[in-house]
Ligand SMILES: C[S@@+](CC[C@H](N)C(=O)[O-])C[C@H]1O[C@@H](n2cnc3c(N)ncnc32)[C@H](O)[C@@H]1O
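Next up is one chain by itself, shown in structure tokens, the form predicted on its own.
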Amino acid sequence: MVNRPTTNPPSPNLQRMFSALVPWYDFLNRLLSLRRDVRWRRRLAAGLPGWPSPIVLDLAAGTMDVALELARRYPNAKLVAADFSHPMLCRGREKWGCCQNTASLGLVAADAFKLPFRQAVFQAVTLAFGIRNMTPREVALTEIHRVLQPGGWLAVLEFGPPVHRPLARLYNLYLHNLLPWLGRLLSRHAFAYQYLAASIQGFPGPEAFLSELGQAGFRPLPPIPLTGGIAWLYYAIK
């Protein structure tokens, strides 16, 4: 069952930017990652424990790509998809309605810095390509820690530094030159893809982010590089 979204005050600039991208968002994600993003999200869901019917919060849910993977992984799950962009959630609800899912889904338009959930509700929180947009990160991580049950899992999928130098050079060229040009050509929102490049460049490397997770009260597991480290998968336990 899909609930009507409830609303918390969003972060206006980023909210407007992501909301404007909705018509092109999924298409450009697939194109610009050469569909690797699909595999990365599937890997995130597959790495979580095999709970029979978990309660999971998918934070920065966007158009529900991770929520759909979680529904496949956990047919009896209770899922909550939260994002500060109402148009993103509406697009995700359309996608959910086109699939035959037995998991339940609730939608919440919410800011990650003040989640509208009581303490220790969720067995897992998933967060794909959203943590780098949350500053200060320590506030968001503290909120995530608050809503997780003791022993609950946080799964974060985020861009990061490639592990091989030749790949890093090619990736930086793509990130700062080709990506904004393609974004402007295909979506007419060049700024969004300039922002994407800058936010990726500004996100800490794995060692530093693991330290942030530890400071927020998590026990991080060893990070997993995906596609040569273009993306990184982090699991941490409360």
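Since the structure is predicted, the reported quantities are computational estimates derived from the model, not experimental observations. Residue positions are given as counts along the sequence shown, with the first one as 1.
One more form of this protein, predicted in complex with the named molecule, exists but is not displayed; see below.
The stretch from 209-217, 45-53, 58-66, 165-173 that comes within 4.5 Å of the named molecule in the predicted complex, counting heavy atoms only, is 58-66. With the partner omitted from this view, the residue of Met88, Leu148, Leu107, Leu141 that lies near the named molecule in the predicted complex is Met88 [heavy atom within 4.5 Å].
Only one of Ala128, Val80, Ala124, Ala77 comes within 4.5 Å of the named molecule in the predicted complex through a heavy atom, and that residue is Ala128. Although the partner is absent from this view, Phe113 contacts the named molecule in the predicted complex, with a non-hydrogen atom inside 4.5 angstroms.
Remark: Asn101 does not count among the residues lining the named molecule in the predicted complex, judged by a heavy atom distance of 4.5 Å or less. Contact check for Phe84: a heavy atom falls within 4.5 Å of the named molecule in the predicted complex. Along 16-48, residues Phe18, Tyr25, Asn29, Arg41 each place a heavy atom within 4.5 Å of the named molecule in the predicted complex.
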